[in-house]
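Encoded as structure tokens, the following chain is the form predicted alone, with no partner shown.
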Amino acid sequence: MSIMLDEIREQPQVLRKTFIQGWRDVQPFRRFASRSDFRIILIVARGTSDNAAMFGRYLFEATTGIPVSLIAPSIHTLYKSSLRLSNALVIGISQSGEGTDVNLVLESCKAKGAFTVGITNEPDSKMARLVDEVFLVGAGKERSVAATKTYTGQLLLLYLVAWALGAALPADQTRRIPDLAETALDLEKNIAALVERYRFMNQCAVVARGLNYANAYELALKLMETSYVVAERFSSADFLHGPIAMVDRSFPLILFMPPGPTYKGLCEMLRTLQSLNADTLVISSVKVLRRSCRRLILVPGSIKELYTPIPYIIPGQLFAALLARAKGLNPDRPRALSKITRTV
């Protein structure tokens, strides 16, 4: 039995716990944020948490109007640059709260006048102690090296932080996300049959745009660390500017295709890929795609694009864990990896 699969299945419960605690904790932060004049948001993270940070960038800019940048830790840890950070909100994201460079960046930014927020799964971590405000993922102990429940928990907390910063994100919609995650888990049996086709896959590309772009990075990371697949990840716009030249009949592509502003462009790209006889696998909740997709992971329910990232990544997580099993690999113990990685 796979620990990774067990932890994927725990996500609805984890998300409900995270929402209850996070909703309580975010109330005073919303009052504080309404009195503050945050002109820019900076986010620092590594690994899977860095993919959550990418989602946060799209979410905050789309819903709050505040510009967002992802911090390059080496600017602080290696180049020792002095940045002017008054009126800056700096958010650190870390599953363990012990990432050396992430915490060094938070310390540096705090010393330069920024207000610091931490998002972590560990209440007793260094991150939780050093930031001005901490929001906790309620995932409990995550035993598999490949993070799953902490990633979706981080995404859920980013919705709450966006709400605190003034985003029009109704609580009842965010509260519904754990139910969408539970429904997505019903796809496990279908995905288990599907992965047999990809059993000998050793390279692929994962493509998305907008709010699901982070999921392209996250699914690619999961495929690399659990199944040792060389998984490139692209924005659908960037993919047309060169990388599409590598596509042929034997090259697999996985596309995230939510409804909303990105859908039309992704449909055009899908038609182009089909004309090239590409091996395409689509993850979507748009039912009409049944007519045009040979391989479709259809996420149940009618979901607005804004709320698709969590229920869309769960089928991706299942695909990665089940593919590793089909390949005879152990997704819980990837070679050369450990749960906490310390870099500076």
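Throughout, we count residues from 1 along the sequence that is shown. Owing to the predicted nature of the structure, the values given are computational and were not obtained by experimental measurement.
Form predicted in complex with a further copy of the same chain: not shown, discussed below.
Contact annotation: Arg39 falls within 4.5 Å of a further copy of the same chain in the predicted complex, judged by heavy atom distances.
Mapping the unseen interface onto this chain, Tyr159 falls outside it, with no heavy atom inside 4.5 Å of a further copy of the same chain in the predicted complex.
Within this chain, Met246 lines the site of a further copy of the same chain in the predicted complex, having a heavy atom no more than 4.5 Å away.
Proximity of Trp163 to a further copy of the same chain in the predicted complex: non-hydrogen atoms within 4.5 Å are absent; the residue sits far from the partner. Residues Arg84, Arg233 and Gly242 are all found to lie within 4.5 Å of a further copy of the same chain in the predicted complex, as judged by heavy atom distances. Annotated contact segment (heavy atom within 4.5 Å of a further copy of the same chain in the predicted complex): 223 to 231, selected among 150 to 158, 186 to 194, 223 to 231, 118 to 126.
The single contact residue among Leu281, Leu289, Ile66, Ala278, judged by any heavy atom lying within 4.5 Å of a further copy of the same chain in the predicted complex, is Ile66.
Although a further copy of the same chain is not shown here, in the predicted complex the stretch 190 to 219 places heavy atoms of Asn202, Gln203, Arg209, Gly210, Leu211, Tyr217 within 4.5 Å of it, in sequence order.
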